[in-house]
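Shown next as structure tokens: one chain only, the form predicted alone.
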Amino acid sequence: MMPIELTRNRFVKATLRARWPQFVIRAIALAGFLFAILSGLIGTPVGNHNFSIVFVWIVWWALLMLIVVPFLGRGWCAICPIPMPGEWLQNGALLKPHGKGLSLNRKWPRRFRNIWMQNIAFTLLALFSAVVLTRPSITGLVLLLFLIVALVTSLIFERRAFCRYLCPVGGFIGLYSQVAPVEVRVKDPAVCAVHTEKSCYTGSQDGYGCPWLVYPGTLTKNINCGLCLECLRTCTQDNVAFNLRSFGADLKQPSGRKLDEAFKAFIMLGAALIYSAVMLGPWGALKSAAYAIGTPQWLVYALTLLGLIYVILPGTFLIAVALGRKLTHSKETLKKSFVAFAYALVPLGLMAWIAFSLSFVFASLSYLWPTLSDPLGWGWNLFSTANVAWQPYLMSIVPFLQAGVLIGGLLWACVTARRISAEQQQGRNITLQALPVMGFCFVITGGLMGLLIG
């Protein structure tokens, strides 16, 4: 499918270029984010009656994983409230460029211009996730920490350094944004090549230079594009488009594959397995260990999680890739093949997270109604729904949905692996080289089936 330029439509283009709609949505999100911090810190300690737990880890997470990431990629990043206070101080304005901000605007250190720090940040969050996802006070502190780190980063470094290099949520959204059917791209790279001002990157009176430190003229993947649309506003050549495209278009591109992104795929896949085992599995000792932070049991749990995502999964995958190379006498280096085939895990991982989210979203969504009326658990009844009883929704069809999602992810991963093999083998023994990787994906899918569906 060739990309369809949505900005050919005048109304769509005018809406995307306008600042107020995006600003209003982000301001509302910021108010909700601040209230989530407040409710986490001073509200009831009962998680399923506290706004911070219900709205962040049930409602927001459901919207993110079931709708936003699969269909809009980094759409959440476009309206995320976390960097807003820092941006206001950094830019000296709420909307258009105005005056001089307070930031030192230093360059981000070259050695850290990758997503390894995001990988580490997500790993740390995963290690403590059992308490973060269930204790309102911990959720409040984590959200507050996000806000403070983003603010301090904006006051020291240029643009959205926090979003690009530190945010653990942005890290996995960027990885999975490769499958989304939307993109921001230039219409004609030749126009950018002869345009000397590069206002899309440097900024103009109509907008800021790309906050994500990306030059749109060479943008080929969604990973580092935050869909902020500043390039659409600042391009003086009308050469930036917002496109509708086929799902997984970025995965078809052989260029730009990196080891840090490959490991993000293993981290996310391993976390999906661990979360499924801890939160949905029948092993009480595992649940207890995940919650008992600081104890010897938790240390064993933490080492198991780290071992799975950084050693066992990538190590097993490396063996599968090496076997494929051996069978076909591939001339590609093992490292290049390892990194390339890891991108086959992107659709598999995304579908794993969707299946995991389905398992608790419909079971827990009814907590929303009493929380709307009594967000702090203080006995309020604002909308007369405080006494609505918990009731799981659609649980009879959830296993079928999960099975369909996981099988779809497996097939998508196998097709992607075969396409990557075709790149390396140039038409020879394509399926044979990809077969061990497909086997790896099959085993992972089987494990997820057992954990999520039983």
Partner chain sequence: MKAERFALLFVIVLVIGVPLVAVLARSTSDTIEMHAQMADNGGWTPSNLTTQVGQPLHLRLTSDDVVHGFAVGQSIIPPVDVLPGQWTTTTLVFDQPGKYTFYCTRWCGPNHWRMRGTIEVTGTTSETITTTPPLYVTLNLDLDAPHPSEVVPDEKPSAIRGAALSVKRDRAAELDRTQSPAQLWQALKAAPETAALTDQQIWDLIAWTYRSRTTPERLAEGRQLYQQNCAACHGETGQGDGVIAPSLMKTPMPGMTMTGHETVAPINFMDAKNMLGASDAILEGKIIRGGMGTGMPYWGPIFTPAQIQALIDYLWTFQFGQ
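Positions refer to the first chain, counted from 1. Predicted, not measured: the structure shown is a model, and the values here were computed from it.
A second form of this protein, the form predicted in complex with the partner chain, is not displayed here; the remarks below concern that form.
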> Heavy atom within 4.5 Å of the partner chain in the model of the complex: which of V191, L155, A93, L244?
Replying inline: A93
>> Counting any non-hydrogen atom inside 4.5 Å, which residue from G101, G217, G377, P314 sits next to the partner chain in the model of the complex?
In response: G377
> Is the gap between F11 and the partner chain in the model of the complex 4.5 Å or less for some heavy atom pair?
Replying inline: no
>> Since only the chain is shown here, I'm wondering whether W76 would be in contact with the partner chain in the model of the complex (any heavy atom pair within 4.5 Å).
In response: no
> Applying a 4.5 Å heavy atom distance criterion, does F55 contact the partner chain in the model of the complex?
Replying inline: no
> Is there a non-hydrogen atom of Q424 within 4.5 angstroms of a non-hydrogen atom of the partner chain in the model of the complex?
Replying inline: no
> Want to guess which of 380-388, 328-336, 180-188, 196-204 is within 4.5 Å of the partner chain in the model of the complex, heavy atoms only?
Replying inline: 380-388
> Using a 4.5 Å cut-off on heavy atoms, what residues in 16-46 are near the partner chain in the model of the complex?
Replying inline: W20, F23, V24, A27, I28, L30, A31, L34, F35, L38, I42, T44, P45, V46
